[in-house]
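Consider the single chain below, provided in structure tokens and representing the form predicted on its own.
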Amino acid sequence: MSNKTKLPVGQEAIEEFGWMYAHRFLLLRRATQFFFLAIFLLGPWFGIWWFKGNLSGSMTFNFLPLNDPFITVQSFAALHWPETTALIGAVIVGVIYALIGGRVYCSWVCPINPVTDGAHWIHEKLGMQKGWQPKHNTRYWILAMVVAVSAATGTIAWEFVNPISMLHRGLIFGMGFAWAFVVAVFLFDIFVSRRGWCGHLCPVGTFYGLLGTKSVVRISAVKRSECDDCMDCFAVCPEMHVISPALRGKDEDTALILSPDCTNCGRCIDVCAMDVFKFTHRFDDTPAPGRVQRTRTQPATGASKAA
């Protein structure tokens, strides 16, 4: 394997394009996450009530309802018929995420994402093993359990322990018990399971993944023939299993990342010095030749990046 793989993850892209360009989607994500959190704090902090509510349900400029469709599903399970405005808001949000990719919510909107990304950074700096990794279908069992508990108790069950809502409440009302849930997620991802919360357990992300199964916005390994096996894309991807089918496919295989687990975070685009990946749409039929096999002398080095 080439000496490039001995560089820190993303370093080759930084040297090729510059630091800002090699972090452009990460920076955009942090900006959007801060924006969506800040707009709901304008009212409680500054008395500017343009946006009333939070990510679970809100009224924008007193006329546009926006509601989490996962909340609505739990409401139906609990046999509570939502108000018309709540239903309209859920449909609006549901259609948007069905088109752009359900788990875009996880990487571009959810305020817990910076918390888990920070935990992952610490996990890597400490050189820790990936720890307990629940089976892939665990997330679906948790989602089903949340809906079942809502049906059994007649409540919106997840909101009692939802760290997203807890973080919002903590920022408004100050430090308190609500922060315990956020800290628990942070510590879980550091010491128990690498990327465990968002990648394996969170029912909100699982729901949005199902919602965006046929979404239009996709990432494509359109220049996969240029891949030099540096493994940086695997190292930064929160759902690294989604990359292989697109990157390592044959000529007749699509270069599109079609798995609903993909969060469309764009980090694979950021760190690729070979410019293999790009944002596109699911109907993009641009030919993408299969990878050219290259001779490597140190295959274990790159593999360690994705470990």
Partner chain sequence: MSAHIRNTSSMDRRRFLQDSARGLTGCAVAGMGLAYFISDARALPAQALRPPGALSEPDFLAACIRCGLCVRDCPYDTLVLAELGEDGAATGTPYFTARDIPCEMCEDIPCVAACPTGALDKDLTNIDDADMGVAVLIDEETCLNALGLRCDVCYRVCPVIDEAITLERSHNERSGHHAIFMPTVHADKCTGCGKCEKSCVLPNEAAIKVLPRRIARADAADHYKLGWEDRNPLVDDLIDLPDRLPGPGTDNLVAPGGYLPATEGIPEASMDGGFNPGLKLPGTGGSN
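Rigid core: the largest C-alpha set superposing within 1.5 Å between the two forms. This one's a predicted model, so the numbers in the text were calculated from it and none came from an experiment. Numbering follows the first chain given and starts at 1.
This protein has a second form, the form predicted in complex with its partner chain, left out of what is shown; the following refers to that one.
The chain is drawn here without its partner chain; in the model of the complex, the stretch among 262-270, 275-283, 243-251, 54-62 whose residues come within 4.5 Å of it by any heavy atom is 54-62.
Under a 4.5 angstroms non-hydrogen atom cutoff, its partner chain in the model of the complex has residue 158 among its neighbouring residues.
In the model of the complex, its partner chain sits within 4.5 Å of a heavy atom belonging to residue 181. Residue 115 falls outside the set of residues with a heavy atom inside 4.5 Å of its partner chain in the model of the complex.
Mapping the unseen interface onto this chain, residue 99 falls outside it, with no heavy atom inside 4.5 Å of its partner chain in the model of the complex. For the candidate spot formed by 67, 71 and 78, every residue has a non-hydrogen atom within 4.5 angstroms of its partner chain in the model of the complex.
Exactly one listed residue, out of 122, 149, 227, 201, brings a non-hydrogen atom to within 4.5 Å of its partner chain in the model of the complex: 149.
Between the options 128, 216, 192, 145, the residue in contact with its partner chain in the model of the complex by a heavy atom within 4.5 angstroms is 145. Taking its partner chain as it sits in the model of the complex, the stretch 204-236 never comes within 4.5 angstroms of it through any non-hydrogen atom. Comparing the forms between the shown form and the other one on their rigid core, the Cα displacement of residue 44 reaches 2 Å or more.
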